[in-house]
Ligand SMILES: Cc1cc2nc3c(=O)[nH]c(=O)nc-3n(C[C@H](O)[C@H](O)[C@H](O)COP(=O)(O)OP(=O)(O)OC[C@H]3O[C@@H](n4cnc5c(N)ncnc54)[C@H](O)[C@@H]3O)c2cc1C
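Okay, here we've got a single chain as C-alpha cells, the form predicted on its own, with questions on binding and movement later.
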Amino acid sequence: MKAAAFEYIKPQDVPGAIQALSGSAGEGKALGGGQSLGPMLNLRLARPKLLVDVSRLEALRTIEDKGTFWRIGGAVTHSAIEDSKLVDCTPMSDVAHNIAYRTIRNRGTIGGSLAHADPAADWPLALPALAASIVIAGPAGERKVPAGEFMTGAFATVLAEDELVVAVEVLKLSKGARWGYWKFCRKTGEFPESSAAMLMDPERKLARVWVGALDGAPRSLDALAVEIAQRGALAASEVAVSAALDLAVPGQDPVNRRLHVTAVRRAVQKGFA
C-alpha cells in the first residue's frame, strides 16, 4: 500500500516546527527517523494531513555534557548514542546497541521512539529506570516530565498535538552504580516478548526496577527495588518477583508472567554480576 496524500514541510528551527504543528488543527505529525511512522503511513494506520520533518534540526541533534547529567536531543539517533564517547560511561550506549538492527539505529531517534510509545520499545523502559526526564516544547515554552510519567498507555503519551520531545536529560551515575537490562526476543532485532531494567546507585539514592513489554506503559516494582537495595540480588527470588508483578500487573496469563519474572531476575543478576 501507499500512504494517503499529505503535505510535507521542513522547518528551520524548533519554534517553526511547533508553529506548524499548532496550525495544523490536530492533523499534523512530527517526523523523526520515520522507522515507525513510515510503515504506519504506508499501511494507512496513520493519515496525517501534514508531516513536519524535525530530523535535521541542529538543536535536536546534539549530545551535551551538563555536569551532573547528559542532555540528548530528541532527534539524536540510536546509533549516535551507541557510538558517542560522551555517554559511554552510562548504560545508554548499551541499550542503544541492542535496539533492532544497525540500519534501524542509523535512522531511528530517541525522541521518535518515546513519542511513538510502543509498549515493547527500549527507551520507554530504560529511561524511567535511569530516572531520566523528558523535555517537551510547545507554544507555551518548555516543560519537563519524569520519564516514568511520560507514557500513559500503549501508543499514548502526555504530548499535546502541538508539542515536541526536544531532549532527554539522563542523570550521570556514580562509579558504584549497578545497572542491568534484559529482554527476550524471538530473534535478534525483533521487539521483545518481555523486558526489564534495574538500577541501584546508593550514592544517588536510586533503587529502581522496571518491567516492560506489557499491554500498556512500563511499570515500576518499587517495593522489590527497595528489597534489592537492602539485600542484594538474593532479594530477587522467583517468589518475590512473581509477587511484585502480581501487584503491579495483575491478571497476566501464566506464560507472560513467567517471561516477565525471568526478565526481571536476569536484569538483576546482570546488574550484580
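No experiment lies behind these values; they were computed from the predicted model shown. Residue indices: 1-based, along the sequence shown.
The form predicted together with the ligand exists for this protein as well; it is not shown, and the discussion that follows is about that form.
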Q.
Between Ala240, Ala233, Leu37, Ala207, only one gets a heavy atom within 4.5 angstroms of the ligand in the predicted bound form; which residue is that?
A. Leu37
Q.
Just to be sure I understand the contacts: of Glu190, Glu193, Asp83, Asp94, which is the one whose heavy atoms reach within 4.5 angstroms of the ligand in the predicted bound form?
A. Glu190
Q) in the predicted bound form, which of 194-202, 172-180, 110-118, 139-147 comes within 4.5 Å of the ligand (heavy atoms)? A) 110-118
Q | Non-hydrogen atom contact Ala129 with the ligand in the predicted bound form at 4.5 angstroms | A | no
Q: Examine Ile72 and determine whether its closest non-hydrogen atom to the ligand in the predicted bound form is within 4.5 angstroms.
A: no
Q: Could you confirm whether Ala229 comes within 4.5 Å of the ligand in the predicted bound form, counting heavy atoms only?
A: no
Q: Find out whether any non-hydrogen atom of Val168 is located within 4.5 angstroms of the ligand in the predicted bound form, and reply yes or no.
A: no
Q: Quick one: name the residues from 50-79 with any non-hydrogen atom within 4.5 angstroms of the ligand in the predicted bound form.
A: Val54, Gly74, His78
